[in-house]
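Below, in C-alpha coordinates: the form predicted alone, a single chain.
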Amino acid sequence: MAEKIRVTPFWGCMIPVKYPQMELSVRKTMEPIGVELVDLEGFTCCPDPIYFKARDKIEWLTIAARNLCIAEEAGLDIITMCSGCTSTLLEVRFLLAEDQELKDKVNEKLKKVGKEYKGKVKVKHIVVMMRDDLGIERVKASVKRPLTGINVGIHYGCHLLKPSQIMGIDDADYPSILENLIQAIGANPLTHTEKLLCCGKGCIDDEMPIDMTYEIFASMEEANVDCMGLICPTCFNSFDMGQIIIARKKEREFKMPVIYYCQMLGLAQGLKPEEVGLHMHRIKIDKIMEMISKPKKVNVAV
(Lines give C-alpha, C1' and ligand atoms only; values in the text may rest on other atoms or scores of the structure.)
Protein backbone atom coordinates (compact mmCIF):
# COMPACT_ATOMS: atom_id res chain seq x y z
CA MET A 1 0.00 0.00 0.00
CA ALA A 2 1.42 3.34 -1.03
CA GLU A 3 2.03 5.85 1.73
CA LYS A 4 -0.87 8.18 2.46
CA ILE A 5 -0.44 11.91 1.82
CA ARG A 6 -1.67 14.38 4.47
CA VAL A 7 -2.64 17.85 3.29
CA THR A 8 -5.01 20.62 4.33
CA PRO A 9 -7.73 21.62 1.85
CA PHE A 10 -8.21 25.31 1.10
CA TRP A 11 -11.78 25.53 -0.16
CA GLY A 12 -11.89 29.25 -0.84
CA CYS A 13 -15.21 31.12 -0.99
CA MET A 14 -17.14 29.97 -4.02
CA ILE A 15 -17.07 26.21 -3.41
CA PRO A 16 -18.51 26.27 0.15
CA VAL A 17 -21.03 29.01 -0.65
CA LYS A 18 -22.22 28.13 -4.17
CA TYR A 19 -20.89 24.72 -5.19
CA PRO A 20 -20.64 22.38 -2.18
CA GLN A 21 -20.93 19.48 -4.63
CA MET A 22 -17.31 20.13 -5.59
CA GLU A 23 -16.19 19.83 -1.99
CA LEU A 24 -18.26 16.65 -1.71
CA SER A 25 -16.56 15.17 -4.77
CA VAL A 26 -13.10 15.94 -3.37
CA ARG A 27 -13.91 14.40 -0.01
CA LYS A 28 -15.33 11.28 -1.66
CA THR A 29 -12.50 10.72 -4.15
CA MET A 30 -9.35 11.46 -2.16
CA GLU A 31 -9.50 8.50 0.25
CA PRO A 32 -9.39 5.88 -2.55
CA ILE A 33 -6.19 7.41 -3.95
CA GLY A 34 -4.48 7.71 -0.58
CA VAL A 35 -4.98 11.34 0.42
CA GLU A 36 -5.94 12.35 3.96
CA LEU A 37 -7.61 15.75 4.17
CA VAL A 38 -6.90 17.58 7.42
CA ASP A 39 -9.32 20.47 7.92
CA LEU A 40 -7.96 23.54 9.70
CA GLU A 41 -9.95 26.37 11.22
CA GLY A 42 -9.40 30.02 10.39
CA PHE A 43 -9.00 30.16 6.60
CA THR A 44 -10.67 33.13 4.91
CA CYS A 45 -11.09 34.26 1.30
CA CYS A 46 -7.79 33.76 -0.56
CA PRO A 47 -8.44 36.77 -1.42
CA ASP A 48 -9.58 37.32 -5.01
CA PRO A 49 -6.61 37.57 -7.44
CA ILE A 50 -8.12 40.29 -9.63
CA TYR A 51 -10.32 42.92 -8.01
CA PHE A 52 -9.06 42.75 -4.41
CA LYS A 53 -5.44 42.87 -5.52
CA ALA A 54 -6.14 45.84 -7.77
CA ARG A 55 -7.81 47.75 -4.93
CA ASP A 56 -5.20 47.25 -2.18
CA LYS A 57 -2.19 45.05 -2.91
CA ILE A 58 -0.69 45.18 0.60
CA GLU A 59 -3.96 44.11 2.20
CA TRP A 60 -4.28 41.39 -0.45
CA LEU A 61 -0.77 40.12 0.36
CA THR A 62 -1.42 40.24 4.10
CA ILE A 63 -4.68 38.30 4.01
CA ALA A 64 -3.18 35.64 1.75
CA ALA A 65 -0.07 35.39 3.95
CA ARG A 66 -2.30 34.94 7.00
CA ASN A 67 -3.98 31.97 5.28
CA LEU A 68 -0.57 30.50 4.53
CA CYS A 69 0.44 31.00 8.18
CA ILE A 70 -2.42 28.78 9.35
CA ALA A 71 -1.10 25.86 7.30
CA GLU A 72 2.51 26.64 8.31
CA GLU A 73 1.62 26.49 11.98
CA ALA A 74 0.01 23.08 11.47
CA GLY A 75 2.98 21.78 9.48
CA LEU A 76 0.80 20.91 6.49
CA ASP A 77 0.93 21.82 2.81
CA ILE A 78 -2.15 23.26 1.12
CA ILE A 79 -4.16 21.84 -1.75
CA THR A 80 -6.56 24.16 -3.55
CA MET A 81 -9.66 23.30 -5.53
CA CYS A 82 -10.02 26.68 -7.26
CA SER A 83 -7.68 28.14 -9.87
CA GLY A 84 -8.15 31.65 -8.47
CA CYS A 85 -7.14 30.54 -4.98
CA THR A 86 -4.15 28.74 -6.47
CA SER A 87 -3.13 31.87 -8.33
CA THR A 88 -3.37 34.11 -5.26
CA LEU A 89 -1.55 31.84 -2.84
CA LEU A 90 1.23 30.92 -5.27
CA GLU A 91 1.76 34.52 -6.35
CA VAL A 92 1.96 35.72 -2.75
CA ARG A 93 4.50 32.99 -1.93
CA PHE A 94 6.51 34.07 -4.96
CA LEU A 95 6.41 37.80 -4.21
CA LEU A 96 7.29 37.44 -0.54
CA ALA A 97 10.16 35.08 -1.35
CA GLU A 98 11.55 37.56 -3.88
CA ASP A 99 11.23 40.74 -1.79
CA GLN A 100 12.38 40.68 1.83
CA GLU A 101 11.28 44.28 2.41
CA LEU A 102 7.79 43.42 1.25
CA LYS A 103 7.76 40.32 3.43
CA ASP A 104 8.81 42.42 6.44
CA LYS A 105 6.01 44.90 5.73
CA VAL A 106 3.46 42.10 5.56
CA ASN A 107 4.76 40.49 8.75
CA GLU A 108 4.53 43.83 10.52
CA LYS A 109 0.82 43.85 9.73
CA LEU A 110 0.47 40.17 10.69
CA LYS A 111 1.82 40.93 14.16
CA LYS A 112 -1.56 42.50 14.94
CA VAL A 113 -3.13 39.04 14.75
CA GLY A 114 -0.22 37.20 16.32
CA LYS A 115 1.17 35.63 13.18
CA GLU A 116 4.41 35.57 11.20
CA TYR A 117 4.78 34.32 7.67
CA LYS A 118 7.94 32.24 7.18
CA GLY A 119 7.48 30.91 3.66
CA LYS A 120 7.65 27.19 4.44
CA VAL A 121 4.27 25.98 3.26
CA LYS A 122 3.73 24.59 -0.25
CA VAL A 123 0.59 25.20 -2.29
CA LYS A 124 -0.67 22.95 -5.08
CA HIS A 125 -3.88 22.74 -7.02
CA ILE A 126 -5.45 19.35 -6.40
CA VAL A 127 -4.77 18.18 -9.97
CA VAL A 128 -1.09 19.08 -9.56
CA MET A 129 -0.93 17.06 -6.35
CA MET A 130 -2.45 14.10 -8.20
CA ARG A 131 0.13 14.34 -10.96
CA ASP A 132 3.24 15.16 -8.93
CA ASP A 133 2.74 13.61 -5.49
CA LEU A 134 0.50 10.64 -6.24
CA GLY A 135 1.25 9.93 -9.87
CA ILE A 136 -1.17 9.34 -12.72
CA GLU A 137 -0.96 5.57 -12.27
CA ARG A 138 -2.25 5.82 -8.70
CA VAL A 139 -5.26 7.76 -9.92
CA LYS A 140 -5.79 5.19 -12.65
CA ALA A 141 -5.63 2.34 -10.14
CA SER A 142 -8.64 3.75 -8.27
CA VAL A 143 -10.90 3.46 -11.32
CA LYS A 144 -13.68 0.85 -11.11
CA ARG A 145 -15.94 2.11 -13.90
CA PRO A 146 -13.81 3.72 -16.63
CA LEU A 147 -15.49 6.49 -18.58
CA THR A 148 -14.86 4.71 -21.85
CA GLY A 149 -16.27 6.42 -24.91
CA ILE A 150 -16.83 9.79 -23.22
CA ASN A 151 -15.31 12.67 -25.19
CA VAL A 152 -14.30 15.45 -22.81
CA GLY A 153 -13.68 18.99 -23.96
CA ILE A 154 -11.09 20.38 -21.57
CA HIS A 155 -11.20 23.94 -20.29
CA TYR A 156 -8.02 25.08 -18.52
CA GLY A 157 -9.03 28.64 -17.72
CA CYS A 158 -6.57 31.45 -17.05
CA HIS A 159 -5.26 31.19 -13.52
CA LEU A 160 -3.98 27.61 -13.44
CA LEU A 161 -1.33 28.21 -16.09
CA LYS A 162 -0.46 31.91 -16.10
CA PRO A 163 1.73 33.73 -15.31
CA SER A 164 3.89 30.68 -16.02
CA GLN A 165 6.90 32.10 -14.14
CA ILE A 166 4.88 32.01 -10.93
CA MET A 167 2.55 29.08 -11.48
CA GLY A 168 5.14 26.69 -12.95
CA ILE A 169 2.47 24.02 -13.41
CA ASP A 170 2.63 23.16 -17.09
CA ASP A 171 3.48 24.56 -20.50
CA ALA A 172 1.16 27.57 -20.65
CA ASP A 173 0.61 27.19 -24.41
CA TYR A 174 0.65 23.39 -24.72
CA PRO A 175 -0.53 22.00 -21.37
CA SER A 176 -1.14 18.29 -20.84
CA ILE A 177 -1.95 17.81 -17.14
CA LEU A 178 -5.72 17.64 -17.60
CA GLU A 179 -5.45 15.51 -20.72
CA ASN A 180 -3.41 12.95 -18.78
CA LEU A 181 -5.82 12.94 -15.84
CA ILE A 182 -8.82 12.55 -18.15
CA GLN A 183 -7.14 9.60 -19.86
CA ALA A 184 -6.41 8.05 -16.45
CA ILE A 185 -10.14 7.66 -15.80
CA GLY A 186 -10.77 6.11 -19.21
CA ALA A 187 -12.27 9.11 -21.01
CA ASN A 188 -11.05 10.70 -24.21
CA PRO A 189 -9.76 14.30 -23.95
CA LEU A 190 -10.47 16.26 -27.12
CA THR A 191 -8.62 19.35 -28.23
CA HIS A 192 -10.69 22.22 -29.57
CA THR A 193 -9.73 25.59 -30.99
CA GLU A 194 -10.71 27.63 -27.90
CA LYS A 195 -9.21 25.33 -25.26
CA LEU A 196 -7.17 28.12 -23.68
CA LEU A 197 -9.68 30.95 -24.00
CA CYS A 198 -10.69 32.75 -20.77
CA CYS A 199 -14.20 31.96 -19.52
CA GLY A 200 -14.79 35.71 -19.44
CA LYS A 201 -15.69 35.96 -15.76
CA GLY A 202 -13.16 38.69 -15.09
CA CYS A 203 -14.50 41.02 -17.79
CA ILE A 204 -16.37 44.12 -16.66
CA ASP A 205 -18.28 44.44 -19.94
CA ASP A 206 -21.73 42.82 -19.70
CA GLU A 207 -21.79 41.18 -23.12
CA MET A 208 -18.19 40.05 -23.54
CA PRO A 209 -18.35 37.12 -21.04
CA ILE A 210 -21.38 35.66 -22.81
CA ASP A 211 -19.70 36.04 -26.20
CA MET A 212 -16.55 34.29 -24.92
CA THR A 213 -18.56 31.49 -23.33
CA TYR A 214 -20.49 31.08 -26.57
CA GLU A 215 -17.26 30.79 -28.59
CA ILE A 216 -15.95 28.08 -26.25
CA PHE A 217 -19.13 26.02 -26.47
CA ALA A 218 -19.23 26.39 -30.26
CA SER A 219 -15.62 25.23 -30.40
CA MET A 220 -16.40 22.18 -28.26
CA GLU A 221 -19.52 21.33 -30.21
CA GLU A 222 -17.52 21.41 -33.44
CA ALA A 223 -15.07 18.94 -31.86
CA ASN A 224 -18.00 16.61 -30.97
CA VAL A 225 -17.43 16.59 -27.22
CA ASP A 226 -19.93 14.97 -24.86
CA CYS A 227 -19.19 17.15 -21.85
CA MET A 228 -16.87 19.87 -20.60
CA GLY A 229 -14.24 19.03 -17.98
CA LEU A 230 -12.75 21.76 -15.78
CA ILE A 231 -11.09 22.42 -12.43
CA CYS A 232 -12.31 25.87 -11.34
CA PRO A 233 -15.63 26.85 -9.70
CA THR A 234 -15.53 30.33 -11.23
CA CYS A 235 -15.26 28.86 -14.72
CA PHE A 236 -18.04 26.42 -13.81
CA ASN A 237 -20.27 29.35 -12.95
CA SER A 238 -19.62 30.85 -16.38
CA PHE A 239 -20.44 27.64 -18.22
CA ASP A 240 -23.21 25.89 -16.30
CA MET A 241 -25.33 28.99 -15.70
CA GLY A 242 -23.86 30.55 -18.84
CA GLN A 243 -25.66 28.06 -21.05
CA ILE A 244 -28.98 29.21 -19.63
CA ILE A 245 -28.10 32.83 -20.40
CA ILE A 246 -26.89 31.95 -23.91
CA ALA A 247 -30.15 30.14 -24.63
CA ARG A 248 -32.10 33.20 -23.49
CA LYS A 249 -30.00 35.92 -25.14
CA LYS A 250 -28.74 34.20 -28.27
CA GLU A 251 -31.53 31.66 -28.73
CA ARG A 252 -28.95 28.88 -28.96
CA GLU A 253 -28.98 25.76 -26.79
CA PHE A 254 -25.87 23.63 -26.29
CA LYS A 255 -27.06 21.41 -23.38
CA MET A 256 -23.49 20.42 -22.64
CA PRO A 257 -22.85 19.00 -19.14
CA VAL A 258 -20.09 20.84 -17.28
CA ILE A 259 -18.26 18.57 -14.86
CA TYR A 260 -15.59 19.31 -12.26
CA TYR A 261 -12.69 16.87 -12.54
CA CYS A 262 -13.16 15.27 -9.11
CA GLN A 263 -16.79 14.62 -10.00
CA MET A 264 -15.64 12.74 -13.10
CA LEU A 265 -13.09 10.88 -10.98
CA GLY A 266 -15.89 9.93 -8.58
CA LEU A 267 -17.98 8.50 -11.42
CA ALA A 268 -14.96 6.51 -12.59
CA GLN A 269 -14.44 5.23 -9.03
CA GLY A 270 -17.96 3.83 -9.14
CA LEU A 271 -19.85 6.55 -7.26
CA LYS A 272 -23.38 7.53 -8.21
CA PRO A 273 -23.98 11.00 -9.70
CA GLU A 274 -25.78 12.09 -6.51
CA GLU A 275 -22.77 11.05 -4.41
CA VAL A 276 -20.66 13.69 -6.14
CA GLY A 277 -23.42 16.28 -6.46
CA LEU A 278 -23.98 16.11 -10.19
CA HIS A 279 -27.75 16.29 -9.68
CA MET A 280 -27.23 19.90 -8.55
CA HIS A 281 -26.01 21.07 -11.95
CA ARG A 282 -28.33 22.96 -14.28
CA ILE A 283 -27.23 20.93 -17.30
CA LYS A 284 -27.93 17.30 -16.40
CA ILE A 285 -25.69 14.35 -17.21
CA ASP A 286 -28.32 11.74 -18.13
CA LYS A 287 -26.77 11.14 -21.55
CA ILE A 288 -23.32 10.75 -20.02
CA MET A 289 -24.59 8.17 -17.53
CA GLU A 290 -26.28 6.26 -20.34
CA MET A 291 -22.98 6.11 -22.19
CA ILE A 292 -21.08 4.99 -19.07
CA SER A 293 -23.66 2.33 -18.19
CA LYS A 294 -23.94 0.95 -21.72
CA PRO A 295 -22.38 -2.54 -21.92
CA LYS A 296 -18.98 -2.46 -23.59
CA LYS A 297 -18.25 -4.72 -26.55
CA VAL A 298 -15.73 -7.44 -25.84
CA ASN A 299 -13.58 -8.66 -28.72
CA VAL A 300 -13.21 -12.42 -28.57
CA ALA A 301 -10.44 -14.06 -30.54
CA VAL A 302 -11.66 -16.83 -32.85
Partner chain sequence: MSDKKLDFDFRERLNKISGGSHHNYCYQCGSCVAICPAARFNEDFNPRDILLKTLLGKKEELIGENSIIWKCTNCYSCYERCPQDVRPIEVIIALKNICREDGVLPETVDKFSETISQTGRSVVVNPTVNRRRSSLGLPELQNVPVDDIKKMLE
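Numbering follows the first chain given and starts at 1. Quick caveat: nothing in here was measured; it's all calculated off a predicted structure.
Keep in mind that the form predicted in complex with the partner chain is missing from the display, and what follows is about it.
Shown alone here, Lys162 lies within 4.5 Å of the partner chain in the model of the complex, counting heavy atoms only.
Although the partner is absent here, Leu24 lies within 4.5 Å of the partner chain in the model of the complex, judged by heavy atoms. Mapping the unseen interface onto this chain, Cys13 counts among the residues with a heavy atom inside 4.5 Å of the partner chain in the model of the complex. Taking the partner from elsewhere, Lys18 is found to have a heavy atom lying within 4.5 Å of the partner chain in the model of the complex. Considering the partner chain in the model of the complex, the lone stretch of 238-246, 29-37, 56-64, 251-259 in range is 56-64 [heavy atom distance within 4.5 Å]. Taking a 4.5 Å heavy atom cutoff to the partner chain in the model of the complex, the contact residue among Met212, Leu178, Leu190, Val143 is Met212. A heavy atom within 4.5 Å of the partner chain in the model of the complex is found for exactly one of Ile166, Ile136, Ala97, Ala218: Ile166. Shown without its partner, the chain has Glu23, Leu24, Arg27, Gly42, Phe43, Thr44, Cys45 in segment 23-46 as residues with a non-hydrogen atom within 4.5 angstroms of the partner chain in the model of the complex.
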